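Shown below, as structure tokens, is a lone chain in the form predicted alone; questions about how it binds or moves come after it.
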Amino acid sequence: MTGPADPPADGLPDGSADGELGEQPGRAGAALDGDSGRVLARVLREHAGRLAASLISLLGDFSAAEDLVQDAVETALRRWPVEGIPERPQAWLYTVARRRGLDVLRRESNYRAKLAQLHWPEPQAADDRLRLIFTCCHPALAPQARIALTLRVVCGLSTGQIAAAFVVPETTVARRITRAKKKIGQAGIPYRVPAAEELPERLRSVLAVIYLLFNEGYLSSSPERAQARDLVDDAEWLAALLAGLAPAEPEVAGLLALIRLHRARGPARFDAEGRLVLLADQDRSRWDRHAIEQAVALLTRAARAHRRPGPYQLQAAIAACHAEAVSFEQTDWAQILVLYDMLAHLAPSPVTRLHRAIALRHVHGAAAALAEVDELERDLAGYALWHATRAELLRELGQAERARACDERALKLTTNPAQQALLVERLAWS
């Protein structure tokens, strides 16, 4: 089962052959039912990061901001079913959180003065999230903690979604987030976009966060939806904003090109019933050719101007090979394999090797690819795509029973409904 760019185990960018606020502050555990529940869930998915960022920007306290949002969500759960859904639910939540903050912080005049200045931010609020990403990615924090904290607080992913992205237990992610919050408070880390001379040191983590955000949106780990277009939109927007901030960084351009190349193929990835359509079977006339050309031009300009290849540029080049192929059969797999070799050298990871093995299959055959995939068992035995890839290779080699066992294991490991449906269909055929 080839799929989109699944995130690497180590949080570093990875290639692809095809491929809610942290635990939403609103994830109160209360039941969400009816129209008000659905609207509240949607508002949290789309605005939780922005809401938290706005509160953190003035309070300077992650936990206090999350508590305020939590209280606002619980209030909404009680009042909306009775009073009706407000016309601007996100602004309603913000107003409630602000009022609650005033109550809680009444004795703290400094905080009260700051809260009194708050207003629901309109377009310029977006900058808050970029500042918050750079705060979460401060060098004083451990690399994995930076990314986990940002994905939770800024991007609204749950602890479970983050754990799936890193291929680690949820308890591990929860500990990283708790330690990171405490460190920010103890170290007095400022809430700001760093100066130009500080950017290179911060960019790697920031790019990794945006990349993981995109991956979660492109093929969600949530059992509720196959993809999350709002997260994909957020990732593209943040990458574009970062590209304006750091125009001399080719990896920023590479990531932006990568996201746009995948988005250009988006209309053909699912059928009318929401079932996943594999790359080989996609209707390429539905791909956005203009967007592909623009993304390739962006990637080419960055490569020629800076001549500093990096993991995101390489992944974008791989995506470009797929996007520019007239048909699946005319895909330049030899070129893709070369690009994966370069990627594996620059950013080695088990997931990169797995995607490389898919390219290897098309160049040197299934047996060579299976040998490579089997070497990854220790690292990827808990990863659905590893089992699904083995199944495809084993089936091609005539080992139907072993292939079926691998598909059954993949089905148990994935939570994405579209992947589950594809595997169920495949098992029915075998």
Partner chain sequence: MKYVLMFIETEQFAQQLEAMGELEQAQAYEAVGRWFADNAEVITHHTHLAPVHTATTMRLDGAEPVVTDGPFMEGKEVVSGFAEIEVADLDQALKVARSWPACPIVEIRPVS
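Rigid core: the largest C-alpha set superposing within 1.5 Å between the two forms. Positions refer to the first chain, counted from 1. Quantities reported herein were computed from a predicted structural model and do not represent experimental measurements.
Keep in mind that the form predicted together with the partner chain is missing from the display, and what follows is about it.
When the partner chain is considered in the predicted complex, only one residue from 84, 274, 190, 200 comes within 4.5 Å through any heavy atom, namely 190. Comment: the partner chain is not present in this chain, but in the predicted complex one of 181, 138, 322, 353 has a heavy atom within 4.5 Å of it, namely 138. Residue contact with the partner chain in the predicted complex: residue 171 places no heavy atom within 4.5 Å of it. In the predicted complex, the partner chain sits within 4.5 Å of a heavy atom of residue 186. Segments offered: 149-157, 285-293, 192-200, 326-334. Contacting the partner chain in the predicted complex at heavy atom distances within 4.5 Å is 192-200. Relative to the superposed core, residue 182 shifts its CA atom by 2 Å or more between this form and the one not shown. Annotation: Cα of residue 137 displaced by at least 2 Å between this form and the one not shown, core superposition.
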